[in-house]
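The chain below stands alone and is given in structure tokens; this is the form predicted alone.
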Amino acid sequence: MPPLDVDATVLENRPLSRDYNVLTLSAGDVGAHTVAGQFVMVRPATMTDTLLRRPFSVFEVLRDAAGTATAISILNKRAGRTTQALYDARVGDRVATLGPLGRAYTPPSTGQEAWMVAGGVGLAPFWTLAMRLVAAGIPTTLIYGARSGAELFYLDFFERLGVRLVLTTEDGSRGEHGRVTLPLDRELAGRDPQSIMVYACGPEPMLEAVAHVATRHHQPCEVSVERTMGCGLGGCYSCVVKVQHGTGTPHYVRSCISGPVFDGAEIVWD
């Protein structure tokens, strides 16, 4: 179905740290049609000097006791004007919300485990994905890294869900000292080829490294790329990604339509 354009109300703003927050929006109709890995384009109504929206992975899909989707949330890190406005949003503020958009993650094949690899705000698509995987009875691991332990969020949620956690921090304050590719590479060693589906989201250098590790161990890998998007609908060509299918000619595709989820082995990592 086509994406929905919703004039959503801010229902809750949960600060997670001085830079991160989770913003809950009254966009239940969007949530009802969201598949893990898809995104929304949002713009706070307070930003009257621009018509452009910014892409965010759908983080949570909130439901009532009957299971009806009532709201969605986005995981935000303030880094510019739009993200600052979303960090400062108050209950009752309006946020133009367009979605769901883009290509979602592919479910694992029969007998595969699922390993989610998140770096920083790259945790965003994995709430919905973890819910889907666990509901399907698929053994699920989250390898999650950040600059410090203070920037590792929602650990209790994933633990309660039964997701195995592997944590890393760049400063060594929690989990393993280093980056997510270290435990990923170590734990994939010796595993049966094609037995694990790897899903990754985070900074592009991390995605490239994760894709290379997965390929080296003969495990399939899907990555969710971050690109600047002007429209989210494929009209502005601001979000192109270079890909190559097999031995075909490398070419550019729009990540808002062909992605944001791609086969990590098909991206041409320049």
Partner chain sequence: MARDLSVRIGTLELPNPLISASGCFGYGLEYEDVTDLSALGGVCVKGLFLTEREGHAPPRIVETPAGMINAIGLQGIGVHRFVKEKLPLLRERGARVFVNVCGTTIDEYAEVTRILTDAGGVAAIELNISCPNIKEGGIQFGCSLLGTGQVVEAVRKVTHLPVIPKLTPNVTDVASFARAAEDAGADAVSLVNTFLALAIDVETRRPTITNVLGGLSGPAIRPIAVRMVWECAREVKIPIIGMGGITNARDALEFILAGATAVQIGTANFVDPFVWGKVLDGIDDYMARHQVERLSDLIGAFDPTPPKVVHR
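Bear in mind that the values here come from a model prediction, so they are computed numbers and not experimental data. Numbering follows the first chain given and starts at 1.
There is another form of this protein, the form predicted in complex with the partner chain, and it is not shown here; the text below is about that form.
Look up in the predicted complex whether H251 has a non-hydrogen atom within 4.5 angstroms of the partner chain, and give yes or no.
Contact with the partner chain, yes.
Using a 4.5 Å heavy atom cut-off, state whether T215 contacts the partner chain in the predicted complex.
The answer is no: T215 has no heavy atom within 4.5 Å of the partner chain.
Is there any non-hydrogen atom of H33 lying within 4.5 Å of the partner chain in the predicted complex?
Outside the cut-off, so no.
Taking heavy atoms and a 4.5 Å cut-off, does A209 contact the partner chain in the predicted complex?
So A209 does not count as contacting the partner chain.
So which stretch, 52 to 60, 25 to 33, 66 to 74, 215 to 223, is the one near the partner chain in the predicted complex (non-hydrogen atoms, 4.5 Å)?
Contact-bearing stretch, as computed: 52 to 60.
Within 4.5 Å of the partner chain in the predicted complex: all of T228, L233 and V240, by heavy atom?
Every residue of the spot touches the partner chain in the predicted complex.
What residues of 87 to 107, in sequence order, lie within 4.5 Å of the partner chain in the predicted complex by heavy atom?
Counting only heavy atoms within 4.5 Å of the partner chain in the predicted complex, the single contacting residue of 87 to 107 is L98.
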